[in-house]
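Take a look at this one chain, the form predicted alone, written out in structure tokens.
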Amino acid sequence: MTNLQTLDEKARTVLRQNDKGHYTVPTHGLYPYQWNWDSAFAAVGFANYDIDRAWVELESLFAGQWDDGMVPHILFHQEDPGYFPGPDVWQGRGPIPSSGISQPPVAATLARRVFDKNPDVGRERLSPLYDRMVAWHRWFMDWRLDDGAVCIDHPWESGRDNAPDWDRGMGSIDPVGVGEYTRRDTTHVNSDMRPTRYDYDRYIWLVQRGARLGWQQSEIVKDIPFRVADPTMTFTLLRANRDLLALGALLGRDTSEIAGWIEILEAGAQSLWNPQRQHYDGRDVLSGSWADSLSNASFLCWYAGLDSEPMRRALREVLANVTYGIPSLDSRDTRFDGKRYWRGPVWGMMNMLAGLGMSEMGLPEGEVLRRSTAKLISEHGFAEYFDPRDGAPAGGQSFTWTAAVWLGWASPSAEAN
């Protein structure tokens, strides 16, 4: 067996080990439930060798959709005392015990990749999911826009939990009354690789506020204490709407509403342009201030179909200062920490999204990024994330989305599929 075949089989083994039958966990111990965007990546991994299992993954995710269209960021299919905060803290109100916030809407885009693997099977499986995806995107458009950009109401909603983009907004929160709690994440992973206690107090305070308000969006937006317009959310929803429009056309659906959303988001993305720094940036809605954060989310602009010469220059500069891929924060930033979650490490799935966008828009860096990610995984394994300077693995190990990224994009064998 060649080294490539060995790595392909190891990636499939990771998916099998994390497979709970109709959903996957990101990794055992640290993340024992079904996570929203993790599942969408898992589907892409499964699609390379089990197309039915790929669609089951997406179907199980949307089985937890709320009546208002929101698809939660966590589905608690079964209780696990090793994770905090659990369903008793969240008090979600969907058909499956869940969290009360969402996550970056990559599902439509990745469902299209699954569809393309086998359109005959895909057409039948996609049709009932399509309406659910439209309802989810409509929820974002109804409840999460500011000047056309998509906002988050909790740092966890962005998927980039402790990114510097949220520092100003988090600093304005006084987590009074949050009470005592026991974190579980730091029993699985070194605390130097995780958000701080300062962050966690505010995360939990926001969860408690949402639960107290019954997760009713009309109540949550009143005197809201935290809201940031986010490049991750804006670019992923813009791209997802482009893919949803294409899928709708294949199914013969009326896509005029989606076309309107695309126009709104294209204009809204420009409200994330930091004119001083000359890059896409997080914008604190409540204070109007910029995060001054050149992050891997900034480079999702091409994934969203938006080109920019200043962003091309920024990309070349960022890549020149690290060894592997795009760091979650520019390594020249004084806030950079190569091992602490979203304050510096490189993430395979963000490399994949950014790299796909670059290649689609003709940037040679897309292929450079794919090869760099392949080298990173082949040399350092299927970790949750990595130090972009030396590739040191960090966070959880045997991670679902890193294995899926290998199978669906980074592996040389993925090119032949």
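Only a predicted model underlies this, so the values are computations on that prediction, with no experimental measurement involved. Numbering starts at 1 and follows the sequence shown.
Just so it is clear, the following notes concern the form predicted in complex with alpha-D-glucopyranose (GLC), a form of the same protein that is not shown.
Chemist: Since only the chain is shown here, I'm wondering whether Gly348 would be in contact with alpha-D-glucopyranose (GLC) in the predicted bound form (any heavy atom pair within 4.5 Å).
Modeler: Output for Gly348 is no: heavy atoms all beyond 4.5 Å of alpha-D-glucopyranose (GLC).
Chemist: Quick check on Pro26: any heavy atom within 4.5 Å of alpha-D-glucopyranose (GLC) in the predicted bound form?
Modeler: Judged by the heavy-atom cut-off of 4.5 Å, Pro26 is in contact with alpha-D-glucopyranose (GLC) in the predicted bound form.
Chemist: Using a 4.5 Å heavy atom cut-off, state whether Gly159 contacts alpha-D-glucopyranose (GLC) in the predicted bound form.
Modeler: Within the cut-off, so yes.
Chemist: Does Trp409 make contact with alpha-D-glucopyranose (GLC) in the predicted bound form, using a 4.5 Å heavy atom cut-off?
Modeler: Trp409 lies outside the contact set for alpha-D-glucopyranose (GLC).
Chemist: State the residue from Ser293, Ser98, Asn296, Gln103 whose non-hydrogen atoms include one within 4.5 Å of alpha-D-glucopyranose (GLC) in the predicted bound form.
Modeler: Of the candidates Ser293, Ser98, Asn296, Gln103, Gln103 is the one lying within 4.5 Å of alpha-D-glucopyranose (GLC) in the predicted bound form.
Chemist: Sort through Trp302, Trp136, Trp166, Trp342 and report the residue having a heavy atom within 4.5 Å of alpha-D-glucopyranose (GLC) in the predicted bound form.
Modeler: Contact residue from the list: Trp342.
Chemist: Using a 4.5 Å heavy atom cut-off, which stretch among 33-41, 387-395, 53-61, 352-360 contacts alpha-D-glucopyranose (GLC) in the predicted bound form?
Modeler: Answer to the contact question: 33-41.
Chemist: Can you name the residues of 374-412 that have a non-hydrogen atom within 4.5 angstroms of alpha-D-glucopyranose (GLC) in the predicted bound form?
Modeler: Stretch hits, in order: Glu384, Phe399, Trp401.
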